[in-house]
Each structure stands twice: as C-alpha cells, then as structure tokens.
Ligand SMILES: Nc1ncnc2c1ncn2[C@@H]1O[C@H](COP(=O)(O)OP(=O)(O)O)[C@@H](O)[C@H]1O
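One chain is shown next in structure tokens, namely the form predicted alone.
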C-alpha cells in the first residue's frame, strides 16, 4: 500500500501486567472502509480507541499521513476525525442542537452551520425530528442523530464502534444500506468495529480479524455494499 492514510507499527497496549493489543503492522488507505471483527474481549474496541488517540499505546507508533500521532497537536487531529459509539451519547437538548454541536465547538460560521446541519439531517432522514428532544427518540432515531452529528463534521476518518448492535434487525439493515451509500458517495475513510459478519461483509471493503489482541486474518471483501 503506497502512502497509507494511517499506519500502525509494532503497536502494544498493556493493562497492568496484561497485554491486550499487539499489532505488528496495520495500514489504512484513503477512502477505505475497514471492518474489525473478533470475539468479545478480543481487543477490537481497544484498537479503535488507540487509532482515534483516545487512549495512548504502551509502545509502538501510529502515524497519520506519515506523522506520528504522539507528536501531533491533539486538537488538529481531532478536527480530522469523528466517532460513533454503541450508545448515541446525545446531549439533553433537541436533535438539531445535537447535530450542530461539533460545528459550534469548531466555530463554523452560523450560516454554514445551518446549511450543513440541514443537509445531514435530510441525508439521515431526521429533518422532521429537528425540534424534538432526544429524550423522545427511538433507538434507531437516536443513532441516526449520532451519525449525523459525526458526518456533518466531514471527517477524514470516521470511527464506528458497533453503532448498530442495539438495533432491531430491520432498522439495522436499513441503516447499513443508507450508511453504505453515504460512505461510497463521500469516500470517507472508516474503521468499523462489529461482531456481526453480515455487517462487516455489507459495509467494509477490507475485513481484519482479531483474537486475543492480535490480527489473525485480513482479506478484501468482494461483497461490500460500498
């Protein structure tokens, strides 16, 4: 892979005396959607959090466009990424306010905020919920808000930690189809953690398998919806 967007070299993450991640090398190219699979406790989410610089590795290097993240200004890095967790983690306010949160923090001009928020609420089919309190949302609606809040930032890298795991099958499949179309249209580089083979096969173009903190398999996915 020439000039990867992100790459990992000799990464290790310890928790006390236990090594929970040991990844010799991993590379992510621009526009790639990488699925990360493995059993519970395999280290999938830990890898995601290290890549997102939410936890530091014990040793090894994570680089973005060739630059060591450990030496990169954290604010500059954060402005290039967005993350969606299993739980939506929404603020106790309206849908519109939640979607606009990151843009306000980044001091995007109000007119641009309005345009981008409306665009992404429409793309995630939540425009009709704009004034509704997040307390009155279904699980699927809340996760749509969370996705809109991330995608409105137009991140270079999107980190997804099992965002559909709590949803019923019909809702999950519909959202996977919509997200696949969005990632294909925007070419947003994505790391997608899931324990469902069907989700990884549909969304990702490359799937890596982790067991006991180590990558035990990696292959291109020819059936990806992307």
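Residue numbers count along the first chain shown, from 1. The shown structure was predicted, so the numbers you read here are calculated from the model rather than taken from an experiment.
Keep in mind that the form predicted in complex with this ligand is not shown, yet the notes after this line are about it.
Under a 4.5 angstroms non-hydrogen atom cutoff, this ligand in the predicted complex has residue 15 among its neighbouring residues. Interface membership of residue 42, defined by any non-hydrogen atom within 4.5 Å of this ligand in the predicted complex, is confirmed. In the predicted complex, residue 46 approaches this ligand with a heavy atom inside 4.5 Å. Considering this ligand in the predicted complex, the lone stretch of 181-189, 167-175, 57-65, 33-41 in range is 33-41 [heavy atom distance within 4.5 Å].
If you take 60-95 and check each residue for a heavy atom within 4.5 Å of this ligand in the predicted complex, you get nothing at all.
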